[in-house]
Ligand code: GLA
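A lone chain, given as structure tokens: the form predicted on its own.
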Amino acid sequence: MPGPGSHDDCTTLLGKHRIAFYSRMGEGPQTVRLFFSPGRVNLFGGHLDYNGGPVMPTAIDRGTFLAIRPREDGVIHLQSRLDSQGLEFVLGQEPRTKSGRWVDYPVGVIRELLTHWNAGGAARPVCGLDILYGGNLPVGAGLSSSASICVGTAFALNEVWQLGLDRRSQVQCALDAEREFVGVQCGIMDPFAIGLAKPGHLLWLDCKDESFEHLPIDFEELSIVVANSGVQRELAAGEFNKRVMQCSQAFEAMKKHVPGAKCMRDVDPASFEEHRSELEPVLEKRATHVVAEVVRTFAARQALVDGDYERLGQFMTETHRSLRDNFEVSSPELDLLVEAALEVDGCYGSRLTGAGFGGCTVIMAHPDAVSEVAAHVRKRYSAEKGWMPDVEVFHGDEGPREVSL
């Protein structure tokens, strides 16, 4: 079953996006180029990326649309179909501080790309651009809309400006934009999952040394379903940074007991059990999740390789419980979505995805059970919360690319 990221549907949606571009930006002599950048769901390794642990995300066939047209006056004009207020600035006079709006993400990437361009001593100056953003990825739902925008911007502008950056450099620009300009102390997982995507595979990413490989997933036996709670993640940015700080504090207390440890991932279960009483209660809870999740993620990898989806699902559900109880990033709405999915035969497992505090859950189920899972989750959630959640099958994606109509 083709999803919105499939060739035919993506082409149709981008065609509509191009029409919207002309409506917003007007006609012009230059050709409008179209780009797509996917979102992602993370199946394993919840909150491990900034702790140096392993993660297993996959890009999905929903994402960000970019329509770009060169300008001759050196002006960057940013607009979004989700916001009536855009931004204009002249190259060389980029905003120096964040505004707290969506434009911070592309502005941060543009700043990073120009830094690379200036450092390279390129002879040809970059041109101004009209850029319209849109897409079919829910914003604030935990599907990494921010990284989708950042990686997509880095990829598209690298193509339009002919900067010659390889994919890893584009990913790094996207990551630095979020960390340095937007101010979210995120790990490497989201931009890597999007920028290094391979269809039909999960990305196994070791966030300690940035090594990665692609693990095949059998979609004849396993479907990835995403349920949207409809709860926006207003607390996510501040609470996310707080969790980063708490994990750092826990590691500072633990590292003296683990010679050579560089990050929380290096704290082995035996050492943690021996010295956990030295931590303040809240730090002990955060560290309990991280230490167990590292072990669980390696075990989940083996279950995937073995094709043991029952065991894989059990690990996924255990992760949700730990994120709920030890990391305290769940919500009643997310817990209800997980609980409802698990009540259906053929559901292997479920957990919140993304930072938490709202957004989505991811469900692993046998393809034959997907319809029943979706119907039951919608029925229970609407009965208890008074709102009908979106429950959709998400397919994999090949990563950011230019699309020709």
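Not measured: the values here are computed from a predicted model. A residue's number is simply how far along the shown sequence it sits, counting from 1.
The discussion below concerns the form predicted in complex with the ligand, not included here.
- You can rule out all but one of 332-340, 364-372, 42-50, 26-34: in the predicted complex, only 42-50 has residues with a heavy atom within 4.5 Å of the ligand.
- The partner is absent here; in the predicted complex, the one residue of Phe272, Phe240, Tyr309, Trp204 having a heavy atom within 4.5 Å of the ligand is Phe240.
- This chain is displayed alone, yet in the predicted complex one of Gly187, Pro106, Gly313, Gly134 has a heavy atom within 4.5 Å of the ligand; that residue is Gly187.
- The ligand is not shown here, but in the predicted complex it comes within 4.5 Å of a heavy atom of Ala355.
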